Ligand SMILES: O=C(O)CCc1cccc(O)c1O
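Given as structure tokens, the chain that follows is alone and in the form predicted on its own.
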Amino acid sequence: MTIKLKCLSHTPLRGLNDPAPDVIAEVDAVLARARADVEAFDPELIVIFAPDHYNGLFYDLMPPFVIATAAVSVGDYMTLPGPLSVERDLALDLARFILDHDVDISLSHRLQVDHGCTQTLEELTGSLTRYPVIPIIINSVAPPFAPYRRIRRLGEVVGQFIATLDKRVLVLGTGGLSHEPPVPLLEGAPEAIGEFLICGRNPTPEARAARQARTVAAGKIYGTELSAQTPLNAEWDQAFIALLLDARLDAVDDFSIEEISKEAGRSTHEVRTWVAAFAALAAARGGYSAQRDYYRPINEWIAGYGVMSAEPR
């Protein structure tokens, strides 16, 4: 078994509300290097930890973790639509392994995934189907959330499973860093929004376009006095990156969900995918060496935008 890790921010506003050309060029260069690294590694399996943004999972049944044996992209925010190349039998084996190791996980044989999963796959592989993949969705936007110690434990068990495979495995985490796009909360929501959050699957093209327009509008004023969203927090982001660089993963057990939401934004909890990915790498090989490939707060994308890589020592 050989293993590599990549963790990337994603943003629904890439290509829709872009920053200055020199910033786009910086990000494009970083992503090109990351994609070249993935191509050189040529993974036989990708395990991707990703969030959902009320496209596949809703409050009619909102599990903390879901593993998919089949998945299809909804094609939101300029991402590719269509099925992913999910390794069905291996995903089932992983689900059994996780349950046998005392971590509860839900199972989907027909999961819809959104840009939170597919944007990173596209950026690193150019496709949704180039490599076999197992998607693991971690609830990161729909309170209440599982505590961070459970995210770390999920990652550890996935890493233990990966260690049993005779494959080149790429582990991905996608989301964050500081981040608060206009995702509504169920508590106190108007009736129509509450109904969407509970069972809003398969919206009409007009409804999806209206949702996208609201996000673009929020991006245009984000970081100004006109925005009600929590500002980006570069200090929080850098401290989180340093924690991962130093392999102090047990420190996440003390993370306060409420404090993170207040300091860095409610969707900052997408960093749970990074926690799980790094915990998987550490458990699979007993330790790792990591590097910060890029970091920049980008208001236009409503994201503290970061990229990290890691591999076993």
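This one's a predicted model, so the numbers in the text were calculated from it and none came from an experiment. Throughout, we count residues from 1 along the sequence that is shown.
Note that the form predicted together with the ligand isn't included here; everything after this is about it.
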Heavy atom contact within 4.5 Å of the ligand in the model of the complex, the stretch among 143-151, 98-106, 211-219, 236-244 | 211-219
Are any of the heavy atoms in Pro132 no more than 4.5 Å from a heavy atom of the ligand in the model of the complex?
-> no
Is the gap between Val183 and the ligand in the model of the complex 4.5 Å or less for some heavy atom pair?
-> yes
Partner contact for His269 in the model of the complex: the ligand, 4.5 angstroms, heavy atom = no
Using a 4.5 Å heavy atom cut-off, state whether Trp301 contacts the ligand in the model of the complex.
-> yes
What residues, if any, in 108-136 have a non-hydrogen atom within 4.5 angstroms of the ligand in the model of the complex?
-> His115
